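Look below for two forms of one protein chain, each set out as C-alpha cells: first structure 1, then structure 2.
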Structure 1
Amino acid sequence: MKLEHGALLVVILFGATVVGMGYMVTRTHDRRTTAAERLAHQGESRKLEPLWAAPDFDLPDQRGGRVSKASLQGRPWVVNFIFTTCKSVCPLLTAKMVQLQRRLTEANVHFVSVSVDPAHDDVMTLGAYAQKWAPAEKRWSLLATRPDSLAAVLEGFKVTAEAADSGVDPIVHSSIFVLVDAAGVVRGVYDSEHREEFLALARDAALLAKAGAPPAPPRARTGEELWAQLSCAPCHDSPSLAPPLGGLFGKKVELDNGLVVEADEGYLLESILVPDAKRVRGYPLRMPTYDGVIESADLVTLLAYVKGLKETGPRVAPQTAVDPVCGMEVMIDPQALSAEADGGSSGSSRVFFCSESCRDQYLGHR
C-alpha cells in the first residue's frame, strides 16, 4: 500500500482522533482510584483554580544535588511518577514528559519525575535514565526516594504506588501529570495520554509561567531529527521494550490477537497515530499516540525515515510464555523472572512469571 497525501492519511487521522476521545487515565493494573485521578476523570482540574498545597519534600536528584518544594518556588512545575525498570506505562509517561519539555522550550517551567522504586532507582540510575531520554534538558529533575519520603510525597499529591500482585511490572502507580504553580499550589491534574489534556497541560503551564501560548516545538527538517525529537530511540532501540524498526518495512508482523500483517506504509502510519490498534505480540509497553503532536508533512518524513532504517542484526521474534499462576503472557528476556518447573531435576524446563508475587506463589505451592 503506497501512502499518498490523501484518503489514507485522512482516514487514519480520523481514526486516531476517535480513539483518542476514548482515552482515560492510564494505569498498569486495577487498584483504588485516588483523589487526583478522580479530578482528571471529571475534568475539574481544567479551571486552573487552586486545588491543594503541594507537599513539602527535599530529595536528591540525578545530578547529585537536592530538589525541594522550596527550591522550586518562583516558577511553575510539572510532576509525574515513574520508575526506571518499568516495561509498561513509564516509558509512555516519560515520552510525554519529553514532548512537553519541547513544547515549552521558551517557558520558565521546571519538570519533575519522582521515582516510585526506592530499592532500585538511586541517583546514578536516574542520571543514566535522563541521559537516555533527554540529555540536554536542564530543567528536568528526576528524584530518588526512600520508602518514608516516597510515602509522604504520594500522600501529598493524592496519588498511589503499590506493589503489584501480578502483571508486567512489580509496581503499579498513578500515571497522571500534576501542575503546580510558582507558590507551590496544585492547579491542575491531567491525563497526558489524552491529546486534548496534554495540550491543555502545555497551555496551562505556559499560562502560569506568563509565557503566553506555548510555541510549536522546533521544526525538525529531517527524519533523523524527528526520530530524536519524538524520543523514538529509548524504546525502539531496546528490544525488551518495543519492536526494533530496522529492516521492518515489508516484513510480516504477528499481533497480540494472533493475526499476521505486513508492515507496509499504512501499518507504520497507523502505528504512529493509533498505536493501540495493532499491538505487536510480546510487547506490553503502550506507545503514546503522536496524533496532534506532529504535522502531516512531518509524518510523511518520519515514515520515510523508518522505512529506510537498516536491520542491525538478525530479526528475532519475541519469545513469550504464559505465567502458570495468573495466566498472563510474559516476554522471555534476560531479565524475566523464572524458576525450574520441577525443582531443578535433570531435563527440567523453566517457567516464567510476570512478577515476584506470582513466582513466590508458584514456589510456595510446589
Structure 2
Amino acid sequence: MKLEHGALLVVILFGATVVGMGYMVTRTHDRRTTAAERLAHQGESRKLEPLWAAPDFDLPDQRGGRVSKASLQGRPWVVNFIFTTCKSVCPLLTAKMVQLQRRLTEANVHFVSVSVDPAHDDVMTLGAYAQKWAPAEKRWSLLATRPDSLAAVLEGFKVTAEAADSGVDPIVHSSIFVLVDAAGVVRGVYDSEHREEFLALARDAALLAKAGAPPAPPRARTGEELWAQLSCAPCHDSPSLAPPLGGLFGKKVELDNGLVVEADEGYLLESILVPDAKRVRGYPLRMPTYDGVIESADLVTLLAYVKGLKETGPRVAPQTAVDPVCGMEVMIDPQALSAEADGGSSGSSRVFFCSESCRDQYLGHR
C-alpha cells in the first residue's frame, strides 16, 4: 500500500511539473514564497481583473451528479483543494470554506472543493464529509477526481499537490482559494491563511454575486444555531481535533507554552477572535479566527452558549496511532477506523487506519 500511495503521489507530482512554472504553489513547512502566493498577496491592488480562463472539467460530485465548468456558467464560484482524511490544514481550509458560505448569502454563488486524493475520496466519502461540515449547504459541490482528471484541474488552476516528507498528512497541498466569475474566468487568487486575503475574497465574491438584490442574511437566533452555522461542532465535538468545550468556563487551561490560565469570559472571547494568542496544549490543528466573520450581537449570544455548555467527559489530549498499511499518523477518536490487531482473539489490541481502503487491505492480507 505504501507503494500504491507513492504511485499516486508520483502521478500528482507529474501533474505538478507540467504546470506553468510561473504560478507553481506548494504549501510547505518552510513557507517558500512562490509566484502564485505573490499573486495572491497582491489582492488589494488587483481589483478583480480577469486573470485566465478556468480549466474545463466534468467531475462526479457528492450528491451522485456531475459538475462541470459549463454547469457552473452563469454564477460566480469559489474553488479550493482538500482531502477528507487530512488532519492538519484541511479542517482549517474547510472551516474557512464554511465561513465563506455563511458570509456570502447570495443564492447564485457556488462553492467547489476538489479532492486531491483520488485513492481515498470517493463520492460516498465526500458526501459524508459535506454532511459533517455543512449539511444544509446546497451551493457546495465536493468533487471526486482520478489521477488524470486531478492533474488537469490542478494545472488549470495553477496550483499543485505534492508529497510531504514528514508530518501528519501525506499530501501537502495548496491553501489557495480561486475565485471564478460567471463567465468562467479566474478573477482572483487568495491565500486563505492570510486574514486580509480571506476577507478580500469574501468581498470580491460578493461583488461578483451582487447581480440582483442582495437577500437579507439569515439571522441566527440562538447560540445553538450559531454553534452549528459557524461549524464549531465538527472540530469541537471531535476530541482528537479540538478540546471539548463542555464545562470549560471557569476551569484552568494548560497552554502550549506551559502557562496555566483561567477560562474566564475574556479567554473564551479571545479564543474565538484571536485563537493563536493562547494555544491549548496538545492540539496540532489551528483554529480559524472568527474576527470579522461574526457580528457582535451574535458573538454575545455564542459566548453565552459556550459558557453554558455542560461537561460531557474528561478533557484528554488527543492520541495518535500509525496506520500499519500506509504509515500515516491517524488520530484515535470514536470515529477512527480500526480492526483487531493480527494475532487473533487472544490479545485485544487494536490497530487504526486512515481510510477504509487501508483497513480492507489489512484485513485482506491476513
Ligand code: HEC
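Residue positions are counted from 1 along structure 1's sequence. Rigid core: the largest C-alpha set superposing within 1.5 Å between the two forms. From a predicted model like this one, the values you see are computed outputs, not experimental measurements.
Chain form predicted on its own, by structure number = It is the first structure (the form predicted on its own) rather than the second.
State yes or no: after fitting on the rigid core, is the Cα displacement of Tyr267 between structure 1 and structure 2 at least 2 Å?
-> Yes.
State yes or no: after fitting on the rigid core, is the Cα displacement of Val98 between structure 1 and structure 2 at least 2 Å?
-> For Val98, whose C-alpha is compared between structure 1 and structure 2 after core superposition, the shift is less than 2 Å.
Superposing on the rigid core, do we see a C-alpha displacement of 2 Å or more at Gly74 between structure 1 and structure 2?
-> Gly74: C-alpha displaced by less than 2 Å between structure 1 and structure 2.
Once the rigid core is matched, what's the CA displacement of Lys278 between structure 1 and structure 2 in angstrom?
-> Core-aligned C-alpha shift comes out at 4.2 Å.
Keeping the rigid core fixed, what distance in angstrom separates the two C-alpha positions of Val306 between structure 1 and structure 2?
-> Once the two forms are fitted on their core, the shift reads 3.5 Å.
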